[in-house]
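First, one chain by itself: the form predicted on its own, in structure tokens.
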């Protein structure tokens, strides 16, 4: 007889970007040379200051529990950095440091969502959002965005999606997978709906063409801001994130952190301090590189027949319409991996609004982008 597992586990869908990457790793172990465009990996080294700080912390024995909310010095550094970027004074007492931003998401969704509750999500969306919501017993309510408008969230559509069970409106700006940056009037309009804003700002700082991120902290006192070090500082493997929450939410978040995670790794927190204080050059290096690569990749995909309605204004992805080849994005991504050894993420990973599309990470070097485009071009007859 099969084991009976908790029902909530069955509500979680596979993370297809990870599934593709893991299949690509298996192919590489068998001797294939796969070009990776499937995962949100910056492809640059982290700030040297962060690496040194981590090494020095380990060498001096910083391998213990910390305050569950994070080192006081790190929380103060995060508050200073966020205050600088937003123009809003952030109290370090509103900062809770986590093992990656995913842990921060789990804590916040666990705080806000009960069985039957709803969270409004703009779509196409980061694949894990609905899984977190359903894991906590809630239901995601999707509000489609339009490529023709740069994937702007329609405040009226969000308003009409609100019900008595709505617990939050989830915003990601810059967005994964579309690169959309929500305009200030959109953020202000969402704040006026009198529903807490849950704002994922992990890609803040990686913006182009004069775009500026409007933080939820600038428009709402009820905002929960999710952020971290993975994308801006190329520190994905450090697993260091944080949430900035309303003061009233801090104690229950702290209690959950104490029980579920205890604290973030001590030595990694010192790396976070160093990144904030000395990693500005790394952020700008990434931003300049991704600015050029998004153009190179977007224009190259267009030349092959893919639809790229607009280049991303933020983050580091190109979301491409591949329906001229297939409306089954998962099967198409699998064929592309097997035929051309190019790994990409199927659009269905980002919701039904993304079906028939493919997400390409534009973090690879120019030569790798060119090689991938050449491989895809040769494989087109077999893909359609």
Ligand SMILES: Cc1ncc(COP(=O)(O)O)c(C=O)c1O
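If you're wondering where the values come from, they're calculated on a predicted model, not measured in any experiment. Positions refer to the first chain, counted from 1.
We do not show the form predicted together with the ligand, though everything after this point is about it.
Among the residues 145, 182, 257, 230, the one placing a heavy atom within 4.5 Å of the ligand in the predicted bound form is 230. Scanning 222, 293, 239, 134 against the ligand in the predicted bound form with a 4.5 Å heavy atom cut-off leaves one residue, 239.
Contact with the ligand in the predicted bound form holds for none of 151, 306 and 354, as no heavy atom of theirs lies within 4.5 Å. Within this chain, residue 100 lines the site of the ligand in the predicted bound form, having a heavy atom no more than 4.5 Å away. The ligand is not drawn, but in the predicted bound form it has no heavy atom within 4.5 Å of residue 109. When contacts are judged by a 4.5 Å heavy atom cut-off, residue 37 does not count as touching the ligand in the predicted bound form.
In the predicted bound form, the ligand sits within 4.5 Å of a heavy atom of residue 172. Residues placing heavy atoms within 4.5 Å of the ligand in the predicted bound form fall in a single listed stretch, namely 196 to 204, out of 280 to 288, 196 to 204, 267 to 275, 89 to 97.
In the predicted bound form, the ligand lies beyond 4.5 angstroms of every heavy atom of every residue of 246 to 267.
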